[in-house]
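One chain follows as structure tokens, the form predicted alone.
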């Protein structure tokens, strides 16, 4: 069996428009240990194909490229010349010329290329996505034909001293509804062993389709979780992504989406728990190209002990997306003083007649709440543990499949012995 070589994936999960360097939030580095056996353990239930070098996504994007190019003709030579003359005049301006950042130059070049495949970005970055694809080997392809309803469940089971990764392509054709539920779990209890588990998911949502992606991560201690998603939405397509991050020592979560079609909609709902010395890193990027497109980024988490969390959320309202709306919000409960929390919501705008909203609610448990719970016989430690277990309990209640529910309950039992009794009573 093949094994990993030691490497560092530099500048992973990078913000498209960097902020101040001293904040140390612009990107992250993912360290891959040496000597981990490449041994995917993926179980698939439902209609799916397992292929080597699958190109279903590529064909779908090529078809979208033809339709989009026909609807958006390339600029004429005169228009190109006028644009170049305008930029040259700005650069040469004696006073107040527009200075473009590296981000603006890259964004202009990307739009000028008129390439949908180049705009199909990955949340953890291209280098991390290529690594995940390489160790996964084959792709699991879930395809919904026009008007079809498809349901698929997958389990990625990581083992000690190994890398277990699934590369998943989801193609929903016109009017199809596709739901994919992924459980990322470990075969052993918490014992400090090294291991990596991950998924790289590409989603193509065609005209009028609906796609649901649910991913729950309940890995034990010692593991690294890599969660990479790339989305592409056509006219009137709706994509919903639900992410639950509860386990693993280190987790990297990245999602990038291109709302290319008019009236397309993307909703991302993330729940997470951080404890001990765990590290949580989230990166979201949604680019609005189509008119009246909508996106919503929601995150809710509980942080305790001395864990750290970073969240980058970028909504990019690109010229041509008139009537678009984007919003991002986060609620974070900080249980202990040793927690390190960083949240940077970013809205980029190059179009008028659009709406962008962001907000964050971050704070400790209210003293009045602690006093009330103390009057009911709970110590401060018991009260804090209750808040932490509540997010795990809610994840189990909201699980979209029995596999996800069972893995969440197992993790809850490891965190708080007796946790599973709640659900035993419920089943009776």
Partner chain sequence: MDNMLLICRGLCASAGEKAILHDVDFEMRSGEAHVLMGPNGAGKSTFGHVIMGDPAFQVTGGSIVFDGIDIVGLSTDKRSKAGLFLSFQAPVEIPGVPLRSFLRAMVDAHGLKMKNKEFKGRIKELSAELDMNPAYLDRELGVGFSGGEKKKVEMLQLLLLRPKLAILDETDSGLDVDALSVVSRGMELYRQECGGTLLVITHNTRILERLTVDRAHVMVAGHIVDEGPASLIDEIDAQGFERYETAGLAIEGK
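Keep in mind that what you see is a predicted model, and the values were worked out from it rather than measured. Positions refer to the first chain, counted from 1. The term rigid core refers to the most C-alpha atoms you can superpose between the two forms while keeping them within 1.5 Å.
Although it is not shown, the form predicted together with its partner chain is what the next lines describe.
Using a 4.5 angstroms limit between non-hydrogen atoms, residue 402 is distant from its partner chain in the predicted bound form. Contact annotation: residue 69 falls outside 4.5 Å of its partner chain in the predicted bound form, judged by heavy atom distances. Heavy atoms of residue 373 reach within 4.5 Å of its partner chain in the predicted bound form, making it an interface residue.
Its partner chain in the predicted bound form comes within 4.5 Å of no heavy atom belonging to residue 62.
Site annotation in the predicted bound form: the residue of 29, 386, 50, 362 reaching within 4.5 Å of its partner chain with a heavy atom is 386.
Across the proposed site, 382, 394 and 421 without exception bring a heavy atom within 4.5 Å of its partner chain in the predicted bound form. With the core held fixed, the Cα of residue 45 is displaced between this form and the one not shown by less than 2 Å. Core-superposed comparison between this form and the one not shown: the CA of residue 397 stays below a 2 Å shift.
The two forms, fitted on the rigid core, differ between this form and the one not shown by 2 Å or more at the CA of residue 370.
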